[in-house]
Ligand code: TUI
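Single chain ahead, by itself, as structure tokens, in the form predicted alone.
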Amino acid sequence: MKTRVTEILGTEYPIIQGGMAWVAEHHLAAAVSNAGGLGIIGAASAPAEVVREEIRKCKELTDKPFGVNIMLLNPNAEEVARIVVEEGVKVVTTGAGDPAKFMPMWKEAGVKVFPVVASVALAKLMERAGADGIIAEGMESGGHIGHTTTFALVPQVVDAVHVPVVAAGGIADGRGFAAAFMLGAEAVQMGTRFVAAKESIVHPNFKEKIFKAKDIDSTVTGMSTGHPVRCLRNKMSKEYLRLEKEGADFMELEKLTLGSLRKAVIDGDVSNGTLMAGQIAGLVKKEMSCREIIEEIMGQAETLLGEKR
């Protein structure tokens, strides 16, 4: 299936893996790229040289295109932005900030830039800054979220910009893929589905929580701080929400979540860790390889959209 996004990215399929902190490392990124999608290394707050090493390890596992996700508010964002160019990475996705100051450097190096946005206003701003495409992420997604649903956000962003739009948030199968395309998207980005992939380094305890999740098992913490995060309900999230309700200040809440994503992903602490996952977790029932995931989704989507392989 060819779209403007596959042409820009050089991928076989219009599927992008989310750049999830602690989760999106070289094994997962390479597996997604080898399966025909676009794998992403999540730079998050990792030291810049660690990101460089992740890029080099990914190159050892795949000769397909892959990208790096850069959180622009992190102190090391500028160094990571340069490393992307130095290492010849051809795609960057961005979040938490404005990539405009890096655009000239990236454009000169031929880097394609797809910012993640949660509003039409931000989508327009990113297009003016020189973005090659826009990832419109609805609040159904796991991790840091905006306030508009994917179903409402995507068509409004599509109407507002001229560059291709990628739909993200609440997509886990061919039905979600087909729905996104009917809304005007030309690709999808998925996070939760790949968290549970065979190649994902996520602890089995975390994956099992996703497999057992029901439709109502996610919640949103941090609404009072202006930094809402969607995760699966557990002991930590319940305590966080209790403190929020009682009017706890930002620092008290931050103490509760400090290192909590690593606890969940690496240590498998599903009681005290932050189990970042989207509302779509209830559709993910078993561990599959990235290739199996992508082929299943594309098969379902092509049938629904009337495409032929």
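Residue numbers run from 1 along the displayed sequence. Here the structure is a predicted model, which means the values were calculated and not measured.
One more form of this protein, predicted in complex with the ligand, exists but is not displayed; see below.
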(request) Using a 4.5 Å heavy atom cut-off, indicate which stretch of 221-229, 155-163, 173-181, 75-83 touches the ligand in the predicted complex. (result) 221-229
(request) Establish, in the predicted complex, whether G10, A35 and P65 all lie within 4.5 Å of the ligand, using non-hydrogen atoms for the distance. (result) no
(request) Name the single residue among A213, V91, M71, A131 that comes within 4.5 Å of the ligand in the predicted complex, judging by heavy atoms. (result) M71
(message) Can you work out which of L122, A100, I201, M105 has a heavy atom no more than 4.5 Å from the ligand in the predicted complex?
(response) L122
(message) Can you tell me whether V111 touches the ligand? I mean in the predicted complex, with a 4.5 angstroms heavy atom cut-off.
(response) no
(message) Can you tell me if M236 lies within 4.5 angstroms of the ligand in the predicted complex, counting non-hydrogen atoms only?
(response) no
(message) Using a 4.5 angstroms cut-off on non-hydrogen atoms, would M276 count as touching the ligand in the predicted complex?
(response) yes
(message) Does any part of A196 reach within 4.5 Å of the ligand in the predicted complex? Heavy atoms only, please.
(response) no
(request) Could you list the residues in 92-130 that come within 4.5 Å of the ligand in the predicted complex, counting only heavy atoms and keeping sequence order? (result) G95, A96, G97, D98, V116, A118, L122
